[in-house]
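Below are two forms of the same protein chain, given as structure tokens: structure 1, then structure 2.
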Structure 1
């Protein structure tokens, strides 16, 4: 190998190394922020979950599995885990269906209607969760807007109250997560050429066949991403289920708050939080495994 060939090989290897390092260098600031503000607190919380709670102290340094044993042996905690999982799965599935239909409607509508629908989807993001809860408090009670509308239309004869029910908590969670699901799915649909639908229709495919054979495969990864995002949010939220649901609706978020602030049992609250983190991580791995290797440009 001549000197020129050797120099070319070295320069080429340097270029390849720079190309490989470029994505990591671009992500480095975000990785540092995530490590400082999320990674380190999570590690501290994991360590706190192995401490002990004795007497009036917030915690006593130690190394014990007692908190995790309490979580998985206490019927209240186990029931809260199942309740949280069921509520999160149902709310995420409902949000995915509604969000997909809404995104599909906006995608197929002319451009002049697009900004109107996007503005409607942005409305829940422009106000705080507490303000949204106050709005539902005016909608679900016996003298609320829903009962008034149903009695005025003649659909029911007596006033009803859906306040402090599991259905109210379910609706509140769907309302909060719907915008995130909608914008994820809309970005996926925007990356699809609409002429593919026209070509399928010209070949004689019915609307249902077009959806099943064309749209569904192309938006599958986006649907999994939207579902996982909704699941993460509904698993960890505390205010909406506690404010709209019944007193018997004990979620993991509620128990973490109770153990942390009400009982000053930081180790047990940390153990519950770590179980929540693991459940969310398992769902993320599961949805990632279901995703196809061919991802769209917007995922």
Structure 2
């Protein structure tokens, strides 16, 4: 290799090095945000959950499992974990059914309706959760619109209130997660050739048979993803169930907030948060594993 060649090899290496450095430079702002404002707080929270809470101080440094013991033995917290899981499960199942039908409706209807329905589905996504809560808050109580509509139409004689019931919380939660489910399933359905349905109908299959034999297998993965999306989202929300549900409806999110802002017990709030994060993570890994296994089996 001549001296000239060596010099150019060095120069070429510099170009390649610069090219290698470029993506890291581009990612720097995003990495700073994620690492400093997400990674660091998460580690901090994990550490905090082993601290102790004594007296009036926010926390005393320590290293004990006491907070986790509290979370898993105290009736209130164990109850909250079950309530959260139960509520998330029920609400997600309901969302899946309604969202599936909604997506199916939009998919099957002529294209001119499509934009209107999509606009409709965007509403819950684009309106603040607090505004939606307040909307239901005016719909369910004794002097609310529901009661007024039912009494004035003569369906019932006495005013009724569905406010502060589990049903109200449930309605509110489904409302929040409906768009996720709808859009995931619609995108899956859009990938299916509609002529397949006509072909099946031509062969004499009833709508129910077509659904069971054709649509269900094709959308199974999408349903799984949609369900887990809703489940994860519902587990984390606390405002809707606590504002619309009964006073006894304590979710994990609510207790985190309560311990943090109401009782100033940082270590316990952190421990609860950690449990919540782990549950979310488990749910994600679980659906992912299930979805890929199904994919390899069926496709």
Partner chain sequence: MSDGSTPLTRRSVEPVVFRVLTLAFTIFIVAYVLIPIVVTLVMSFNEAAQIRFPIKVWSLGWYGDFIASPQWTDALKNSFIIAVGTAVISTTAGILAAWAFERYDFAFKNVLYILIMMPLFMPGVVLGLGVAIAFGGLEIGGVSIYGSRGLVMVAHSLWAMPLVFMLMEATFRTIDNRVVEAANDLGAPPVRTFFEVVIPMVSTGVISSVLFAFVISLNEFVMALFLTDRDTQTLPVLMWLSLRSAGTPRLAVASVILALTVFACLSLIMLWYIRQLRKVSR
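We call the rigid core whatever largest set of C-alpha positions still superposes within 1.5 Å between the two forms. Quick caveat: nothing in here was measured; it's all calculated off a predicted structure. Positions refer to the first chain, counted from 1.
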query: Given structures 1 and 2, which represents the form predicted in complex with its partner chain?
result: 2
query: Two rigid parts of the chain turn against each other between structure 1 and structure 2; which of 122, 167, 45, 87 is at the hinge?
result: 45
Angle, in °, that the smaller rigid part sweeps relative to the larger one between structure 1 and structure 2: 27
- request: Check the Cα of residue 28 between structure 1 and structure 2 on a core superposition and give its shift in Å.
  value: 10.4
